[in-house]
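The chain below stands alone and is given as structure tokens, in the form predicted on its own.
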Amino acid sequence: MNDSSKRWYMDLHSHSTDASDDAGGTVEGYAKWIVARRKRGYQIDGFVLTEHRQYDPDSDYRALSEQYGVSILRGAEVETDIGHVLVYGITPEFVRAFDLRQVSLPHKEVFRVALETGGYAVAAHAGRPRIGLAHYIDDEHMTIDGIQTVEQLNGGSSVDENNVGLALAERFGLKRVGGSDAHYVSAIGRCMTAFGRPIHTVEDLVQELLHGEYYPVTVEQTLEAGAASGERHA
């Protein structure tokens, strides 16, 4: 994965005032912040709203996406028996299979059903105690089967916790992504995932997670990549 200046940088984990009661950032506020960061040379192409324990199929951010030139996609953060899980490409079939308000969903079923219904699931903030996968991995009843990817780099986790996530990914040969876990405007894009292709739809995102090459980055790393290539967002 060389030539990182040509990557597409997506923040895969964020929460907004539209649906997460612990968030202070608005969707438009996030978009405006990204535009301001681009003017300073940072590369942020879009973000995914992963609201807590819910998914509203009628929410539509296409107008904001077009207005600000930012990809704005939707997923959800659900709570399972091995910690929190980010789900992308949520279908009516997935929603019918689970009560997303529950805080101890069976993780094997969440990962399996997401994949079988055209989506993709990622273990969120994998190195964080109690709500991250690493906390459960040595339980004699826990298996890694069905889990392909972890959020190794999380903007709300400590350096030590992110290192735990990295060790976990390396131990089991898991793919790694990054997300800011933003709850307020200035946190959006703090940590992201670098993809090899543009992502404009949730279908694009699922395909890249399934078949593409990607890795976690900090926003500072995008500045370095842009400086090396001379590329900047307009």
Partner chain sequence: MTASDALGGQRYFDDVESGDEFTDSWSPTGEQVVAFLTVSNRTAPGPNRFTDDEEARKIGMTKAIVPGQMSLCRATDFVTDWMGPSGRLRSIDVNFRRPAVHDEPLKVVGLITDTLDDDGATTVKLDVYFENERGERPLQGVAVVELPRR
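Positions refer to the first chain, counted from 1. Small disclaimer: the values here were computed from a predicted structure and weren't measured.
There is another form of the same protein, the form predicted together with the partner chain; it is not shown, and what comes next is about it.
- Message: Is it the case that Y184, even though its partner is missing from this view, gets within 4.5 Å of the partner chain in the model of the complex, heavy atoms only?
- Response: Although the partner chain is absent here, Y184 would touch it in the model of the complex, with heavy atoms inside 4.5 Å.
- Would R37 show up as a contact with the partner chain in the model of the complex if we use heavy atoms at 4.5 Å? Yes, contact at 4.5 Å.
- Query: So, in the model of the complex, is P106 in contact with the partner chain at a 4.5 angstroms heavy atom limit?
  - Reply: Residue-level check for P106: no, no contact with the partner chain.
- Message: Please determine whether T80 contacts the partner chain in the model of the complex, using a 4.5 Å cut-off between heavy atoms.
- Response: Looking in the model of the complex, residue contacts with the partner chain do not include T80, since no heavy atom lies within 4.5 Å.
- Heavy atom within 4.5 Å of the partner chain in the model of the complex - the one residue of F195, Y61, Y55, W33 that qualifies: Exactly one residue meets the criterion: W33.
- Which of 138-146, 106-114, 87-95, 153-161 sits within 4.5 Å of the partner chain in the model of the complex, heavy atom basis: In the other structure, the partner sits against 153-161.
- Item | Contact check for R7, K175 and E203 against the partner chain in the model of the complex, heavy atom at 4.5 Å | Heavy-atom distance to the partner chain in the model of the complex: none of the three under 4.5 Å.
- Sequence-ordered list of residues in 109-137 near the partner chain in the model of the complex, where near means a heavy atom within 4.5 Å: Read in sequence order, the lone residue that approaches the partner chain (within 4.5 Å, in the model of the complex) is R128.
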